[in-house]
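We begin with a single chain expressed as structure tokens, specifically the form predicted alone.
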């Protein structure tokens, strides 16, 4: 049984981690494409229109890869997690169906119109199709987060005698106090990813002295969007999410912050340290007293329950992974603010385009928002364990008892090989698009 749970979780973790490489770019990039197209309508400068079409090509490649890698996860609900689907399908099936019926078709239909229909529709309708692609991509994130939010903080449900969950209040799914903070945090984090990608492409062009006009445009746009979105990810959305975890999942909050023992006079915030699960402490820690209590409750002396206040069954089953994921996410987010803030300063002083060292830093920084986004999801999912539906349905009770660990491991190895090929194909296609450059977008 332990092997079955391990491989089921490992397979889903691998497939969803690889999948989320793609939608985190498309959701943020769709907003920036709308911005470029809007700027073109305002200024009639062709470079903005070419920029919109250039990044829509990159969007389309990411969107296709996202669809291909997203389909296996849908099947895993039936293969690896059949009991979970059977018990909760009456609730999560509704939001997942809405994501597929409304968001996916809206996004995919108008993506084709944006790419191929500019001459036929005219510029205003072309802008509208771009906006609807943006609306579809963000609506998709909203419905997925509505599903996940119910799993994190179940609301509006009733459990029947046969153990199945049914929805008693449809509006509760979308008024869940977990939803809006999680959605906004996730969406602004996706804008961070797209901003760093746009800025990195701009830095690449400027450093190579190629497509210089577009390089400067991409740099400027990426830096401004990147700084604003990085700040919004931290405050208020990150702070809002952390307070939700403290309120609804106090055991997870203690684990991700590394609070082994409850402090009577307020909780310190651990900046650096390693969780020692044998001695129940943080080794080599650097911490600031009372800050965590103030950030969480605006009270320097407010007590925050430590892990000593919970039973082993209530605590997340992989505390070190949760702790490190959280601190990697927060640490990288802080670096993003600093890097984009520095770049914005030099942009304002009209020196950014000649600061080669900083440009190299921006160009090589683009993978790190992907890491921050993925570790952020790890925090959410590891913090919910050992439950699939927090406080109600344990992970061990949601697996498919008829699918052996050997079958799951075999298909996992297949996914690894297939996704390596897809990853290489993705890099080749995006690399060729960047190499051709935005100037090829002219009629």
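Quantities reported herein were computed from a predicted structural model and do not represent experimental measurements. Positions refer to the first chain, counted from 1.
Only in words, not in the display: the form predicted in complex with a small molecule, which the text now covers.
Across the proposed site, 46, 215 and 219 without exception lack any heavy atom within 4.5 Å of the small molecule in the model of the complex. With the partner removed from view, the residue among 147, 153, 296, 211 that has a non-hydrogen atom within 4.5 Å of the small molecule in the model of the complex turns out to be 147. Taking a 4.5 Å heavy atom cutoff to the small molecule in the model of the complex, the contact residue among 418, 374, 403, 409 is 374. Using a 4.5 Å cutoff between non-hydrogen atoms, residue 384 counts as a contact of the small molecule in the model of the complex.
Remark: residue 107 counts among the residues lining the small molecule in the model of the complex, judged by a heavy atom distance of 4.5 Å or less.
Within 4.5 Å of some heavy atom of the small molecule in the model of the complex lies at least one heavy atom of residue 141.
In the model of the complex, none of the heavy atoms of residue 433 sits within 4.5 Å of a heavy atom of the small molecule. None of 69-77, 358-366, 203-211, 123-131 except one has non-hydrogen atoms within 4.5 angstroms of the small molecule in the model of the complex; the exception is 69-77.
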